[in-house]
Every structure is written in structure tokens, then in C-alpha cells.
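There is one chain below, alone, in C-alpha cells, taken in the form predicted on its own.
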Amino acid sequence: MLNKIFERKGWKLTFILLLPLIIFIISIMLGRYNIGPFDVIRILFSTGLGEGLPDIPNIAQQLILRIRLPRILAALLVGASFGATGTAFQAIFKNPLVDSNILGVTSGAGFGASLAILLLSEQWQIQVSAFIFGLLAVFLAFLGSRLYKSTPILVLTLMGILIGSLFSSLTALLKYVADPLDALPAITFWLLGSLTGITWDNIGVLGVVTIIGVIFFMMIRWRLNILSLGDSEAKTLGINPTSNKVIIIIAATLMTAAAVSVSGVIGWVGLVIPHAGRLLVGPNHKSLLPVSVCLGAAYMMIIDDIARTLLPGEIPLGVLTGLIGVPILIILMRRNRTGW
């Protein structure tokens, strides 16, 4: 009965769209140092007005503005990116088991970050190297797929898997030669995924790439519906499937590389979130894409909250997304018996 009321009045969709904002406010309050909701709101608004708050401890203000706020914004942007790109990839590949990492971007970014940790020292250098090698991995996969004329999407998928495996092997080689007391722990920790070292300097590029990418996918939602029907149907409706897929892959790769360069290797988000969105609002990308973006943002913030509050030490995000994502996906597949 309640579900019918939600569907009739659109409350379900409205709640999903507002969910990231709700989780965002809750996330800022959570941590070892508890801060009340009214103090959080006052700190955020006073900062925008350029005023201080003498009745609130300075440590609370600095904690929110310098540590929690950029980290939570990064989690929101990373989750939104994975939600949008996972939905787009599943549409153009017509495969429910595809996610943002299918073309090797994560493996390439992992190798780039590991190489930078081994040879360089600055955080921004590690992020730039991860971003460049993530793009390089997808470029090599796309270049390799052009060598074969038949079934281009299947060949592209296989090339993505091969290039991803190649970069994973190269990363393993770097870990083998790395200093076990210095570089090796840093490489291992980065590959497990974390938002610990996020500052305002990391938000700029990630925010621009994610926002532009999400707007782009929102504008072509109807094309995703057509491409998900198949190449023959797309050509019949006047859509060039090859060129559209290339553009979508480029946009999704840029978003994924930007997210991974900041957060490290985080799996399952781009796979689980589109399934949850389809179960809630159906396969029409007019509703599915914004829902996936909002669910991805909320999900990533929740995962990050668990990572930094559940235990005395921080849990790597990649570990949590696997431990939580696998049971969720099994439940979603069980509920959605009619197919994806």
C-alpha cells in the first residue's frame, strides 16, 4: 500500500534525489569528534559569509572545513561518477556485469600511481600519473580493438580485459621491486582505496570533470535508451551507434580516471548501483541515470562513513565496497527476477 502511494505521488524518486543531501549532512556530523547538526549548519553558513563563530571551538570549525568537508565532497563526486559511468557502460555494452573498470582504466591508474609512488613523492604527481595511465589503458584497448573488423564491442571488451591484466601484472612487478619498508606499504594502501589524504586542492579537477560528465550523460539519456536496444535498432532510428559509443566511452573514461586518481582502486560501485536503480525506477535512462548518480553519491558517502568510524583504524574503501557490494548485488539479482 505504501509503495503504491510512493509511486503515485512520486515520493520515491524525490526521496532518492534528496538522499545525497541527507547523507551529506549526516556524514559531516560523524567522526571521533562529535559535532551537533545545528553547529554544522552554522559553521557551513558562517564560512560562506566570511564570519567566525566564537561560541564554537575552533577545532570543530577547522575539522569540518579542512578535513571532513573536502573528504565528503570527494566521496560524493566519486560515487556520482561511478554511478553514471557504470549505467552508461551497461547500456552501450548491453551487459549487466559491466562496470566502469571494464576497459582497464582502473588497472592503468593503479600502475600509474604505483610508478609515481616508486619514483616521485608529491601527492599531486601520484594523482596526475594515475589519471594519465588510466586514459592510456583505455586508449590501448581501443587501439587494439581497431585491428579487428568483426564484433567491435566484443573485441573492445576483450582488449580491455587484456590491457587491464597487463597493467595489473606491471603493478605486481613494481610491488615486487619496491622497498618493503617504504614504497610497498604506500602502494598497497593506495591500491586498496582511500580518501584519507583529500584536501581542497583535489576537489577542483574532480568536481569539474564529474559535473561536466554528469551533465553530458543527462543530455544524452535518450541515446542510451536507443543504444541499449542494439546496433540495428539504433541505425533504424537514425543513430550512428559506433560514433555515439566512442563518445560515451571517452566521457566515461575521463570521469573514471579522475575519480580513481583521487580515491584509489574502488570496485563494485559502478556495478551494484545501476542494478539498484533499475530495481527502483526501471530501465528507462530518463529516470535511471539521475537515480544512479544520486544512489552512487549516497552509497559512497555511507561507505566512507563506515570506513572512518567503524574501527579505531581506517578501513580501506576497496575492502568495504567488496564486502558490502557482493551481498547487495546477490540480493538485487534475487529480487529482480525478470532480468536487467
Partner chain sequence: MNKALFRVVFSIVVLSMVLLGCSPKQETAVDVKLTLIDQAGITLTIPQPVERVISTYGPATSFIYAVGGGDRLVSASYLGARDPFGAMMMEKIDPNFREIQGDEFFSQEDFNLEHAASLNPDLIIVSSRSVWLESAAQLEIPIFQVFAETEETLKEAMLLTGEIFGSDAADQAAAWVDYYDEIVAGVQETTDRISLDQRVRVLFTGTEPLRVASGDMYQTSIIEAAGGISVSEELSGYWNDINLEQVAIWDPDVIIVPPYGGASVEAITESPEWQIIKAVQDGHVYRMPKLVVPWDTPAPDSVLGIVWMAQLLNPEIVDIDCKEEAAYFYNTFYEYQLTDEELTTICQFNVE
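Numbering follows the first chain given and starts at 1. Everything numeric here is computed off the predicted structure, so don't read it as measured data.
The same protein also exists as the form predicted together with its partner chain; that form is not shown, yet it is the one meant from here on.
Using 4.5 Å between non-hydrogen atoms, is Lys245 touching its partner chain in the predicted complex? No - in the predicted complex, heavy atoms of Lys245 and its partner chain never come within 4.5 Å of each other.
Determine whether any heavy atom of Tyr176 comes within 4.5 Å of a heavy atom of its partner chain in the predicted complex, and answer yes or no. Although its partner chain is absent here, Tyr176 would touch it in the predicted complex, with heavy atoms inside 4.5 Å.
Within a 4.5 Å heavy atom cut-off, is Gly204 in contact with its partner chain in the predicted complex? Taking the distances in the predicted complex, the answer for Gly204 is no, it never comes within 4.5 Å of its partner chain.
Taking the shortest heavy atom distance, is Ser169 within 4.5 Å of its partner chain in the predicted complex? No, Ser169 stays farther than 4.5 Å from its partner chain in the predicted complex.
206-214, 155-163, 189-197, 246-254: which one contacts its partner chain in the predicted complex at 4.5 Å, heavy atom to heavy atom? In the other structure, the partner sits against 189-197.
Going by heavy atoms, what in 66-86 lies within 4.5 angstroms of its partner chain in the predicted complex? Heavy-atom contacts to its partner chain in the predicted complex: Arg66, Ile67, Arg68, Arg71.
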